[in-house]
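The chain below stands alone, shown as structure tokens; this is the form predicted on its own.
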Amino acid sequence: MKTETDTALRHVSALRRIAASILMLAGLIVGGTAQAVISGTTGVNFDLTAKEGYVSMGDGATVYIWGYALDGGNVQLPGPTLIVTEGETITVTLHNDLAEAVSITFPGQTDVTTTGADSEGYLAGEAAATGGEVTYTFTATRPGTYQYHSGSNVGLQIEMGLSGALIIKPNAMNQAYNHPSTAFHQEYLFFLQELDPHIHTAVEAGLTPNLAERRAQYWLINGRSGPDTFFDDNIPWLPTQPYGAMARTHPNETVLMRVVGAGLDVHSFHTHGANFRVLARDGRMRETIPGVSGADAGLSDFTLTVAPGQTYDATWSWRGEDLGWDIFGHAPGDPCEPSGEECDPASPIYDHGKAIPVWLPEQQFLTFGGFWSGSPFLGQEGALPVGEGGLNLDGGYFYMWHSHIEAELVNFDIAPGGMMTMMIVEAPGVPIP
């Protein structure tokens, strides 16, 4: 049972974590180090080890996990993101350092062959406890976003962290599938999962947990709970959680969202700023005429309900249209700058030259928060109240992307935290590496 002291300590830890993440985010924006492609491991031969380790939550708590490690390195949550190309023959060798049999199953992949299994297993050939080894081989025949996870003692081992993302890219560059309708400028992974620390504590103590009493207390994107999701990839103080979840784009560009339901619960992932368009589910494009029409049967929505085991590919684009005012603050006779702004009178995406239709004499006193630039115009700064702002040095628009289940926006009941991150719409000309 939590005491008042425990709760107070968690509050203090969460505040320190938020302060650190905000400082880190400021440096990230200034340095332009945000990732516009998904971090992962490319190739055709992968060597994974199932082992134990620890991860850190956004409130500072440490949780024992099982996970997959790459080439004998750190265990990580989620497992290494495997990025391969359509048509390649993929080999994954699994070593087992855990005290029970483990395996890997690859949903969506056909004709997976297994060699060297120590036992048949329920869903896949297994590597025996404490030293077993097994090899899986398959051909990456269909592009898309997939996951891989343990096929042994599935409920417990997925809860403990034995899962990861598998991305099969088409031969076409900057497309999710082999059709121009799936083209994108940036891509990001959102690997959604949750965990119950009481189960992890029991397993660490050598006890058999009661999964029927499972109740998640942490909700994660890419292995991190907010605000740690704001940090960049591969930060040294989260060595077992290498993947950040921040996203950035420019107006009128297209972001590919690769969303994976990796836990045991359903999650609703909500995008502010604009609707997304679903291109595919479980690596299968939503097309009316296979191989011809492209993703013409995609669905437009602002909340994606992701069941355990499901994956989605969706695109999101912010155009600044229909706002009724010029987001760049141009006067009617100003030229269309910066480059990329739409000024065709027949298609006034940015409402060029239109003033904000209300008077905002007190705007600097009404808008608060570290991400306020002091100006309503994209790419511009303005006066800030004392102690406010300062973290939005490029004048971008910040939209929170998060679980639409309010109970999942906490770390062990302490808000803010949980399954949340940010999408930053940057002004044209701001580099996104």
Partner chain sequence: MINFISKTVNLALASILALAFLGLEANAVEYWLSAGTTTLTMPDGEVIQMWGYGEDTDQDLSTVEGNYSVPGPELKVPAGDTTLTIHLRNDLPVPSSLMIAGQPADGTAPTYSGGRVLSFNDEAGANGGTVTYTWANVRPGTFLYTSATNPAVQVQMGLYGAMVAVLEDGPLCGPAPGGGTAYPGIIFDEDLTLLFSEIDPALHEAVAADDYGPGKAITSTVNYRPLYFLINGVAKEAGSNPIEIGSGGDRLLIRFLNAGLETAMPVIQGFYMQLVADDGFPMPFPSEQYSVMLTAGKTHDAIFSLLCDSLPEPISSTGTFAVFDRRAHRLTNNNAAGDGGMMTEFTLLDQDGESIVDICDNCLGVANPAQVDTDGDLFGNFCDTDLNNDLYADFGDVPLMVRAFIWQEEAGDFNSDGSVNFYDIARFLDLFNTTPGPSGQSNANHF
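Numbering follows the first chain given and starts at 1. Quick caveat: nothing in here was measured; it's all calculated off a predicted structure.
Another form exists, predicted in complex with the partner chain; not displayed. Remarks below refer to it.
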| item | value |
| --- | --- |
| The partner chain in the predicted bound form: contacting segment from 131-139, 237-245, 147-155, 84-92, heavy atom within 4.5 Å | 147-155 |
| Contact of residue 76 with the partner chain in the predicted bound form (heavy atom, 4.5 Å) | no |
| Non-hydrogen atom contact residue 127 with the partner chain in the predicted bound form at 4.5 angstroms | no |
| The partner chain contact at residue 115 in the predicted bound form, heavy atom, 4.5 Å | no |
| The partner chain contact at residue 307 in the predicted bound form, heavy atom, 4.5 Å | yes |
| All of 223, 254 and 343 with a heavy atom within 4.5 Å of the partner chain in the predicted bound form | no |
| Residue among 311, 249, 182, 229 with a heavy atom within 4.5 Å of the partner chain in the predicted bound form | 311 |
| Heavy atom within 4.5 Å of the partner chain in the predicted bound form - the one residue of 174, 178, 288, 201 that qualifies | 288 |
| Heavy atom within 4.5 Å of the partner chain in the predicted bound form - qualifying residues of 395-414 | none |
